[in-house]
Ligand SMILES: O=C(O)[C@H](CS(=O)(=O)O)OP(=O)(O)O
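Single chain ahead, written as C-alpha cells, the form predicted alone.
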Amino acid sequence: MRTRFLGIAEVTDVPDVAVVVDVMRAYTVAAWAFTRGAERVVLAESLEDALAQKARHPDWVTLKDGSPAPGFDLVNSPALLRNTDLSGRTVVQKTTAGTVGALAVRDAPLVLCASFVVAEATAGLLRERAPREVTFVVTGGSGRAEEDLACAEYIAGRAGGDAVNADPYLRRAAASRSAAELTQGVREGSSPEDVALCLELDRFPFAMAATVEGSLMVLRQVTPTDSPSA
C-alpha cells in the first residue's frame, strides 16, 4: 500500500482513498458525538451553512470551533461534549481544518475521518479494503501539524500490517503546538482536558466514513470486521 501525506492545499487530484486526520479536535469530537448517540454528523462548508441547516432543521445540533455563538449548540471540545445526550440526533459540525479537509476530498470513492481515538478501527478498515494507495490529508498547520502527521503515520503503519509502537507517535502529539495551546487555554471553546481525551488511543471500536448524501457531506460510523469488538 503506497501512502502520501498532504496538506489540504496540496490535494490537487481526487484520491481513490483519503484519510482525513484531525486529532485536536474535530475527529475526536465527532467520535465522541457518535458515542453519545448521534446518528450522523453533517460536515458544514461554512458557519453560514451550519446556521442554514439549523434553520431548516431546528432539532439538529450545531457545533463550531471557538467560543459559543448564537445559533450554535456546542463547541468543538471533547471534554465539553462527552456528557451531552445526542441520542438519535444529527450533529452539524464546522471546524477550521477538519471539516475543510474532508470537503476537499468529497469526490473520493472512500473518505475516512480519523484521530487517535479511532486509529485501529481506521487501520483495520484500510486493511480490509487493501487499496493500492492511500492519501492522508493532514489538516492542521498547513499539513505540518505534528499531532495530525503523527496520527496519520501511525495509522499508515498499522494499515500496512506492521506491529507499531504507538508511544512515540503519542509523545509527538502530546508535545505539539496544538496540545500546548489547549493545555494553556489559548484556544477559546476548549478545556485543558481535551488533550488527554484526544490522545486516548483506540478509545472507540469504530471508524468514521464520510459520503455525499444529496447535497450534504455526511459522516457515519463503520466497524471493520477485524475490529476486536466486531
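Keep in mind it's a predicted model, so treat the numbers as computed, not measured. For every residue, the number given is its place in the sequence shown, counted from 1.
The same protein also has a form predicted together with the ligand, omitted here; what follows describes it.
### Message
Partner absent here, but in the model of the complex, which of 123-131, 93-101, 79-87, 150-158 has residues with a heavy atom within 4.5 Å of the ligand?
### Response
It is 93-101 that comes within 4.5 Å of the partner.
### Query
Considering the ligand in the model of the complex, which of R172, R36, R40, R187 comes within 4.5 Å of it through any heavy atom?
Contact residue from the list: R187.
### Query
in the model of the complex, does M24 have a heavy atom within 4.5 Å of the ligand?
Answer yes; at least one heavy atom of M24 falls within 4.5 Å of the ligand in the model of the complex.
### Query
For 29-67: residues with a non-hydrogen atom within 4.5 angstroms of the ligand in the model of the complex?
Residue within 4.5 Å: D65, and no other.
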